[in-house]
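Okay, so here's just one chain, in structure tokens, the form predicted on its own.
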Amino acid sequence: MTDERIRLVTMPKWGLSMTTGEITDWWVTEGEEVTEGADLADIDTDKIAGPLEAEGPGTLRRIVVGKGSRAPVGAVLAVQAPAEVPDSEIDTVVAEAQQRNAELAEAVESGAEDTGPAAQTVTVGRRALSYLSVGEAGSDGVATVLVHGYGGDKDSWLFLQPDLGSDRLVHALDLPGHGASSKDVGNGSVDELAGALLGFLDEVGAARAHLVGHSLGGAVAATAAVSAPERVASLTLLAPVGLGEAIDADYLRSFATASSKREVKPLLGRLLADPSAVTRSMVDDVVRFKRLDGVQAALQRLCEAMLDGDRQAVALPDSLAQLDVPVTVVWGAQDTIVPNPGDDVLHARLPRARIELLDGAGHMPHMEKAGSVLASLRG
């Protein structure tokens, strides 16, 4: 029987179509103590590079997949265990892991690995809205809906949706003007987008939902929650627009008009605490999106609605403080796009909310510190 104190570090599934990832660096060495949430390694996928965080404390006893190697989702990358666990037990676990890794790699090579569900479309009013669903509805019938930010899409949640969907129904939505949804944003207001979100809930049969919104999507989710509180089971806001005044207006305007890789790459770098995490695939995906008919006009309309000069024009209603459901606010400590307005402002606006500040994250905490955000959502 394997010692229950032994913890396997495995290749995560970041994105529903992800089958393998490459270890580009290890940040810890064998024999080193690590704490829960510490960065263990950097992983590069077809979509984005990101850190692999420790799920718990312990000693890193053995690295199974070295730097520069590619491994399938679920493969054992390393083994954690207390120092008193004998080396012979670690050797046995590693040998079993290597055999399992080889079987997983063979399945990927043969094409037997499941690449995940396909996107679906619903019509809300005059708009087609694209979304991706994972998991199955629980006995309470409450779904989780992920709402991306300005310029993003449903793939923004690729680090979180697969894990969240392991025990619940999770929808990731493309807002109007984004992804594969209609590029018609109406007047571009948060109210307009919140109406589309509530219409989406109707179309997918979600009487109630846990709403998770990032940036502009946070303002959209919060506005929908205030408009129809009976539809909301909880509200999680990641670096939301609408709680402060400061915003990087230059970023918003530049992103709306950028069309080349040379213009897009440095803009994406401003989203992250570590700009070097921007991959070629990220840049290519954004450039392809920016060249679709109607995208630039949609983004410019949204930008105009978000800004009053160089400040935020969006202000979430004071009645948000009376929302009688759990509310969590998560901010990256290095966010320069929508800077944290400070604990005093947040506690005044949301006196009952749980507030978390993540060091080492910029404006994309759900990508940069996915493990920490996932823990918050499960809480």
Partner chain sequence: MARTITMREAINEALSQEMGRDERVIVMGEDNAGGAGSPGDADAWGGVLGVTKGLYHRYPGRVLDTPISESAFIGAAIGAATSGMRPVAELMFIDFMGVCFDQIFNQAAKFRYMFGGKAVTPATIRTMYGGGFRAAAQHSQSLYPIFTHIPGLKVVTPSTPYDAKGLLVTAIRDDDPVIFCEHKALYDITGDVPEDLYTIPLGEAEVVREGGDVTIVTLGRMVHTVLEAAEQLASAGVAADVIDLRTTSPLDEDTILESVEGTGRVVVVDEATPRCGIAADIASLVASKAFGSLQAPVELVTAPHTPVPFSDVLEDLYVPDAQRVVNAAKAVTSWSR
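We call the rigid core whatever largest set of C-alpha positions still superposes within 1.5 Å between the two forms. Given the structure is predicted, the values throughout are model-derived calculations rather than measurements. Residue numbers count along the first chain shown, from 1.
Form predicted together with the partner chain: not shown, discussed below.
Taking non-hydrogen atoms only, L292 approaches the partner chain to within 4.5 angstroms in the model of the complex. Contact annotation: K183 falls within 4.5 Å of the partner chain in the model of the complex, judged by heavy atom distances. In the model of the complex, the partner chain sits beyond 4.5 Å of every heavy atom of S227. In the model of the complex, the partner chain lies within 4.5 Å of some heavy atom of E22. Between the options S260, S276, T123, S110, the residue in contact with the partner chain in the model of the complex by a heavy atom within 4.5 angstroms is S260. Put simply, of G31, G342, G68, P351 only one has a heavy atom within 4.5 Å of the partner chain in the model of the complex, and it is G68. Contact with the partner chain, judged by heavy atoms within 4.5 Å in the model of the complex, is confined among 31 to 39, 331 to 339, 311 to 319, 59 to 67 to 59 to 67. Contact check at 4.5 Å (heavy atoms) against the partner chain in the model of the complex: none of R208, A370 and R378 pass. Contacts with the partner chain in the model of the complex, taken as any heavy atom within 4.5 Å, map within 124 to 142 to S130 alone.
With the core held fixed between this form and the one not shown, D344 has its Cα displaced by under 2 Å. Superposition of the core reveals a Cα shift of 2 Å or more for P72 between this form and the one not shown. Shown in the overlay between this form and the one not shown, fitted on the rigid core, is a CA shift at I63 of 2 Å or greater. Note: the CA-CA distance for P72 and L374 expands in the model of the complex relative to this form, by 3 angstroms or more. Relative to this conformation, a decrease of 3 Å or more in the Cα-Cα distance between G68 and V286 is found in the model of the complex.
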